[in-house]
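As a starting point, one isolated chain is supplied in structure tokens, in the form predicted alone.
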Amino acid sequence: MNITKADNLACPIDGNRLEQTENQYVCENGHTFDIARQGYVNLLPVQHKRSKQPGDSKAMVLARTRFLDTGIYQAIAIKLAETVSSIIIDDDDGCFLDAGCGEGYYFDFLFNSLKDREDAGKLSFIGLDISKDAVLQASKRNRQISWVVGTNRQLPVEDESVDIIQCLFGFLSVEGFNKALKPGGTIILVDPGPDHLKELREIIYPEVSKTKQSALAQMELADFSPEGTERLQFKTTVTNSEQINHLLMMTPHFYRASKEGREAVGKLDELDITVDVIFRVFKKI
């Protein structure tokens, strides 16, 4: 594969195409966005923020980085790469967008699984997250990916310029994704299954119910046809207290758990967990 930098970024203020200079992106109306020394660009203007520091905190990002780098969730990354590979048409050019890329583990894994394919097509990769801390961490993984601070509600890309959008455990914006995708483009959604991390939840909550799928993930998306659903489920063991705490910290459960629940997790030296995730593929009609 011929890997190229993304050339379809758009101004988040007026939607015009952004052109890259040495250290900035500029649109025809003169809006400029500096490229950070780490290589990412912030395309999240103040008017698109709903809080001062939206998205995952630095502590959550670092916990997720340390946990994912152990390889405990590698099977999810492998399944994602297999799903994308089955969609790609040989020799076609393509743009992939990870909407809610977090600290970049899954997108970097996908990039490395595709870069050595012998297809003649050109591929570009855009990793986007609303958390500046997450994008900063992601930019340390891979400088060939275009890392962007932005929002899924108003993706800062040109209309109908993206071939595949993946959204792992993230916020699904049907309108935003529809606008960014080319006709015939694909959305890959990865959501927690009903038994995901049930053992952890049994420790931190007085009562545990099965994880509910978001209404958006279950509904038939407007202007999209469902192409398939697969479930990935396996059991594994987290073998030290540090990684158990990283696992809790990187999930929303950390903020929902009681003080007693967090303390109970903090005393564990080993934890058996169920990993249960649902892959759903939709194609734009």
Ligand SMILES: C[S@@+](CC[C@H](N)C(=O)[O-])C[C@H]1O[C@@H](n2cnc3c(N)ncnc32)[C@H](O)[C@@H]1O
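Residues carry their position along the shown sequence, with the first being 1. Note that the structure is a prediction, hence the values are computed from the model and not measured.
Just so it is clear, the following notes concern the form predicted together with the named molecule, a form of the same protein that is not shown.
- For Asn152, a non-hydrogen atom is located within 4.5 Å of the named molecule in the predicted bound form, even though that partner is not displayed.
- Although the partner is absent here, Leu168 lies within 4.5 Å of the named molecule in the predicted bound form, judged by heavy atoms.
- When the named molecule is considered in the predicted bound form, Ser131 lines it closely, a heavy atom lying within 4.5 Å.
- Contact between Leu97 and the named molecule in the predicted bound form is not found at the 4.5 Å heavy atom cutoff.
- Taken together, Gly127, Glu158 and Val162 are entirely out of contact with the named molecule in the predicted bound form: none brings a heavy atom within 4.5 Å.
- Partner contact region in the predicted bound form: 143 to 151, out of 197 to 205, 79 to 87, 143 to 151, 180 to 188, criterion any non-hydrogen atom within 4.5 Å of the named molecule.
- The partner is absent here; in the predicted bound form, the one residue of Cys27, Ile244, Val41, Leu68 having a heavy atom within 4.5 Å of the named molecule is Leu68.
- For the partner-free chain shown, Gly55, Asp56, Arg64, Leu68 of 52 to 72 come within 4.5 angstroms of the named molecule in the predicted bound form, judged by any non-hydrogen atom.
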